[in-house]
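Given next, in structure tokens, is a single chain: the form predicted on its own.
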Amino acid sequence: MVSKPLHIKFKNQSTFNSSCGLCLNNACLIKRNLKALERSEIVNLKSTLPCKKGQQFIIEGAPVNGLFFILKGTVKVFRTGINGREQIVRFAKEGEIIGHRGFGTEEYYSIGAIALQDAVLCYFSKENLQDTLLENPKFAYDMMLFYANELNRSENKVKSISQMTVRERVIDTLLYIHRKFGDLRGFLNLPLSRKEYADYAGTTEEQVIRIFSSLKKEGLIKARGKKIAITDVQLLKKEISEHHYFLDT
């Protein structure tokens, strides 16, 4: 039985259609494999879930039931560190997968995930995904490549961060947000709190405030509340160039 497309309306009155065939997220693993999956029921069996800003949809330590694909919105992925401190693993946007680190042999999610703005999530159950991977070699191969790229990205990030100073980690975070989300009216298109910058860079909120103050005095950034503008991307890149600036998106 084919499920009816779900239309979701946000506060700005924009309407999003959940049909995979009409989806504009061409980087999405499911969208890229639609032709190969035409005989599979996985697309018809998915669930589409509206998620409000600030809503947590993956709880760290909860049993793994499936994967989430972001149809619309931005998500913060985090894990709990020493003394209960939050460590942000990454920020995710349209077309990206959430919860994949727990998929496979793991029984529990090793991360949590919260919507940073109103979002729409496409959910595929663990059982349906496993059946589809067994039945569809092309989809399984693409999933394997996805995991290989994720592993490479994680290893590069660990290597870079372990060798960076606190200032360099904060700069790396600014550049990561810039290349992944771009600018909106001159400011980074993902307003974050100073604490969120700290939780991603692996430092303290006080250190981030100090470093932002120095970068403003040097004319490298501008700030307006939570909004940050990078005034000279090339100079920031140059400052961390010895770490082999890695395009982690």
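Just so we're clear, the structure is a prediction, and the values are computed from it rather than from any experiment. The numbering used is simple: start at 1 and walk along the sequence shown.
Omitted here: the form predicted in complex with the DNA. The next part is about that form.
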- Message: If we define contact as a non-hydrogen atom of the residue within 4.5 angstroms of the partner, is Q55 a contact of the DNA in the model of the complex?
- Response: no
- Query: How about L34: is it within 4.5 Å of the DNA in the model of the complex, going by heavy atoms?
  - Reply: no
- Is E41 close enough to touch the DNA in the model of the complex, meaning at least one heavy atom pair within 4.5 Å? no
- Message: Does any part of S213 reach within 4.5 Å of the DNA in the model of the complex? Heavy atoms only, please.
- Response: yes
- May I ask whether S193, E206 and I209 each come within 4.5 Å of the DNA in the model of the complex, counting any non-hydrogen atom? yes
- Segment assignment from 218-226, 64-72, 25-33, 176-184: heavy atom within 4.5 Å of the DNA in the model of the complex: 218-226
